[in-house]
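Okay, here we've got a single chain as structure tokens, the form predicted alone, with questions on binding and movement later.
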Amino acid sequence: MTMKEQHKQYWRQNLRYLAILLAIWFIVSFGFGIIWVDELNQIKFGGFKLGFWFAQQGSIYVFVVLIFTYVWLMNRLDKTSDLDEN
């Protein structure tokens, strides 16, 4: 495999990770906080309605987890693509 093909494969995988993580971000922030809020509010979480909790705090926790997940995935991709700095 040539270097140009490796770079294309690297960026294709990077874009795949971004698409999946952004889809999760959209579902949690827009879906859980706005679209399905009435259904989620039937469930209590820590004394709060789950839809309200996702709109106010839960989506922020999910965003932080997504950031750490992206860093972990990219470090792993760098190592498998021999682009690791270490």
Partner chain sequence: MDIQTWTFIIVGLSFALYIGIAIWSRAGSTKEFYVAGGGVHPLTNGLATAADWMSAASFISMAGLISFMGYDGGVYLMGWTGGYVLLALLLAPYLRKFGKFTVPDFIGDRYYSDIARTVAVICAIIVSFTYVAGQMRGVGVVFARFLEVPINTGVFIGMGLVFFYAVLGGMKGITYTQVAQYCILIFAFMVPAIFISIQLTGEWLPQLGFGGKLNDGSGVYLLDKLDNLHEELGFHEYTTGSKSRWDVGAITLALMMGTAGLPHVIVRFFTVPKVKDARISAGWALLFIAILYTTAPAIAAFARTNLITTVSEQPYSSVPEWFTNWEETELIQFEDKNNDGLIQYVADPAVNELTIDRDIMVLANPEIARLPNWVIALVAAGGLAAALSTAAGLLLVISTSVSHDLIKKQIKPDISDKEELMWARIGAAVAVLVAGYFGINPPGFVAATVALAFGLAAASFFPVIVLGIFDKRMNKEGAVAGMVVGILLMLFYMVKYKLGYLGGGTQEDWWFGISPEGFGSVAMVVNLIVSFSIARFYPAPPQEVQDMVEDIRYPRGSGEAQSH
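Just so we're clear, the structure is a prediction, and the values are computed from it rather than from any experiment. Positions refer to the first chain, counted from 1.
What comes next is about the form predicted in complex with the partner chain, which is not displayed.
N75 belongs to the set of residues with a heavy atom inside 4.5 Å of the partner chain in the predicted complex. Although the partner is absent here, Q13 sits far enough away that none of its heavy atoms falls within 4.5 Å of the partner chain in the predicted complex. Contact annotation: I43 falls outside 4.5 Å of the partner chain in the predicted complex, judged by heavy atom distances. In the predicted complex, the partner chain lies within 4.5 angstroms of at least one heavy atom of each of the following residues of 5 to 32: H7, K8, Y10, W11, N14, L15, L18, L21, L22, W25, S29, F30, in sequence order.
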